[in-house]
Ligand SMILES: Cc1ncc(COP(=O)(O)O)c(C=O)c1O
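Before any questions on how it binds or moves, here is one chain, the form predicted on its own, in structure tokens.
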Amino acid sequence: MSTRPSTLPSTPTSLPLATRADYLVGSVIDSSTSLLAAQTHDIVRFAMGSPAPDSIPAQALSQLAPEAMGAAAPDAFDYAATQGDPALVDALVSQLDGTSDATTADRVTITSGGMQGLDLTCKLFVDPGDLVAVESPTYTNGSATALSYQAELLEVPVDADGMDVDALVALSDHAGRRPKLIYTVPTFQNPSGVTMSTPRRRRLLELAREWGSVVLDDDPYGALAFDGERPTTLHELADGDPLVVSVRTFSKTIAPGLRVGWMDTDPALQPLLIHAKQAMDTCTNLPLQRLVAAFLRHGLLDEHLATQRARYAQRKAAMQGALAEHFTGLAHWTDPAGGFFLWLTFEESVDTQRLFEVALAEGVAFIPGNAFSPAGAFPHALRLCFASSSPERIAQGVTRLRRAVDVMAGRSAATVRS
């Protein structure tokens, strides 16, 4: 159990900072963007969980911009309703009809990306010292958000079927109290790529009801199942249970720069969400809400998702093949059925934080495993994003990664070429 981050930021002690400032740990993932931008040599980028430029429908969005934000829509540059522009809410509800995320307009709150949904949830439910259960490994920005509200974190192991719910019970018993909030990325999990089984999803919901715990259902990748068959969501299984707060985003399915997402909650919670959001940003960017609404209204999302599923499946297969060629016997890795990521764990002791610096010099970037555990539980693992690189670049990047491992170990890499 982790009460505070293992590595605190350095702060000027002469300033009267709030206690919570000690809990603002930032994001290794987001920081990698500026780090990579400062590099001058060629780097294959397996670090940031972002679609490749060729996976973003830039042309379609540009063509829709005059309709959504042009002379015919002069109010598009005004403030929006805090809960979301009706044009987007209506288009979203229509888009989700018949899916595992089907909903109604009174349950939807439009957010500035999925991250704002995580922050709003923690703002409403987490008091200092509250126990928050998180997957281990977990999305570092999710755990960082809980820490920013001075939560005490309970790290729950993840295996091939997602969060180990039996371990959650045992760890909670050992802690002597129940979690106020349970944070999960249940589908094609970030960082591991695994998916929580349906029996575990049902058991998790049973525990939440028994304990009175809020389940924060963060599912940005569910629409990216390679076979097109999205697992039944916690949202659907919960059937309107107010203890389940679902957070979604268009960052992975359309474009991350839009910063448009949504929350699905019990309608009675929305007034509090509006109050909390008004104290943050008043409203989500209206012009981009209108642009997303037009994209949905014209029926472009389904075709785009079909293209991306096929593309990401091909890239995942390319990474699996390259890893099998270069790392068989040295490491093992997950085999996701969708999403962006896989998780590699070395069979022998390899410090992936040290490896990161060597690999960067060799021309490949990843995120070290300890970034995904506040307690630093994964020093010999790393996350690889396959979505953002072509199969050819993936092969090149994995070759460079193997060379970096050999360089760090002092082995001859003479036969390894990029």
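Numbers for residues come from their place in the sequence shown, where the first is 1. In this text, all values refer to a predicted model and were calculated from it rather than measured experimentally.
As for the form predicted in complex with the named molecule, it is not shown, yet the points below apply to it.
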{"item": "Contact residue in the predicted bound form, from 123, 209, 203, 259 (heavy atom within 4.5 Å of the named molecule)", "value": "259"}
{"item": "Among the candidates 220, 137, 162, 231, the residue which, in the predicted bound form, approaches the named molecule to within 4.5 Å (heavy atoms)", "value": "220"}
{"item": "Region of this chain that lies against the named molecule in the predicted bound form, out of 173 to 181, 314 to 322, 298 to 306, 114 to 122 [heavy atom, 4.5 Å]", "value": "114 to 122"}
{"item": "Partner contact for residue 249 in the predicted bound form: the named molecule, 4.5 angstroms, heavy atom", "value": "yes"}
{"item": "Heavy atom of residue 151 within 4.5 Å of the named molecule in the predicted bound form", "value": "no"}
{"item": "Heavy atom of residue 190 within 4.5 Å of the named molecule in the predicted bound form", "value": "yes"}
{"item": "4.5 angstroms heavy atom contact with the named molecule in the predicted bound form for residue 88", "value": "no"}
